[in-house]
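Presented as structure tokens, the chain that follows is alone, the form predicted on its own.
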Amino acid sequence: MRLNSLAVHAGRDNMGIAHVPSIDLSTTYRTPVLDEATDNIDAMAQGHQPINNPIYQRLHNPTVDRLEKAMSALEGSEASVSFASGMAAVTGSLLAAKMVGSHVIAVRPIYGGTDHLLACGILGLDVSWATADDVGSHIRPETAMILCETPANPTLALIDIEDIVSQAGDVPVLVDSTFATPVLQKPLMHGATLVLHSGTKFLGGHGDVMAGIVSCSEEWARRLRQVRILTGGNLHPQAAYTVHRGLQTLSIRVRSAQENARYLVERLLDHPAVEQVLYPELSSCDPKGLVGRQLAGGGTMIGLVLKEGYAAAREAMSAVQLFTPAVSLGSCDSLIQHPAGLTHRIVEEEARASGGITAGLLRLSIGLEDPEDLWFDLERALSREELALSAK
């Protein structure tokens, strides 16, 4: 099946006569035959799926399993492992990497929470920060993983996954593809080892559920399941059901919001308050020609650098009425936020500056509203910002 059909039908096998999947909320399962239960415990302790009994929700859950099968179908992976949040998925992936080595390489910019997790040292990993062009020079015998994000949060910078994989050699590459979704990008097809999504964003799609998910080989999935069992970072069945339901409309939501984003980009390029528009389909943002080769479209996220810096960004965020000034992204409604002051505030100041996360940068997550209404709100906010600044 093609992507649109997979998004609707994947993970819906063996449902009996039911039209939609059920939610299994059991925290524990009956174990009347002890020998069989023991065999299941042994299998799951090694990261395998249960033979015939989940035993306990922290070990396995049928509703969560349906979501994982659906994501594997969308990403073209052998397996997927879900977590309670995107950050739980990142943490789980790094702890799984630590099973095979003590050193990881990360390419900035990345999501602020991921950046801080790596920089603060809490996981006991040795971290090297690299650019996309010099990843290979940082590899050591103990390097366990290379981590990057494309399009990057929040600057929409693009990374050539095949080039990273070529530099990596035998070192596993994890790509955070949250901004792209499987609709626009499939990192595993370009050689990545693992692809990570914050399911809180586009996969859920309505701003009402938290989740994280990693798609990969069964070998890596076994490591991730072991970490999940040990740390308890499980996705709740109700959340898994909600994300799985969100997948049904993923393609249509992403493509519709992408059209809105394209419309706004064209208008913003000529606005006098705007110094730079960051959007993957602009030639200035895609020097390697990755859109069309790796990325199927520019997506729904826009970076907006305002000429008057922080003061202008602050004024614009307070002036919008249709856009919601809030963090997160990928919802049906449009959001606007200030990365340097919010999502990436916790990142070291020097790292923010070197990654292009400036005081005048706003990040827009474009939703499904009428594009004319979005433009009216944004243009009015930017014009009010100009008037307010000139009055001062």
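Since the structure is predicted, the reported quantities are computational estimates derived from the model, not experimental observations. Residue numbers here begin at 1 and follow the sequence given.
FYI, the form predicted together with a small molecule isn't displayed, but the following is about it.
- By the criterion of a heavy atom within 4.5 Å, residue 85 is counted among the residues contacting the small molecule in the model of the complex.
- Using a 4.5 angstroms limit between non-hydrogen atoms, residue 200 touches the small molecule in the model of the complex.
- In the model of the complex, at least one heavy atom of residue 178 sits within 4.5 Å of the small molecule.
- The small molecule in the model of the complex comes within 4.5 Å of a heavy atom belonging to residue 153.
- Among 105, 211, 81, 194, the residue placing a heavy atom within 4.5 Å of the small molecule in the model of the complex is 211.
- Of the candidates 340, 329, 70, 64, 329 is the one whose heavy atoms come within 4.5 Å of the small molecule in the model of the complex; the others do not.
- The stretch in contact with the small molecule in the model of the complex, judged by heavy atoms within 4.5 Å, is 85-93, chosen from 137-145, 287-295, 226-234, 85-93.
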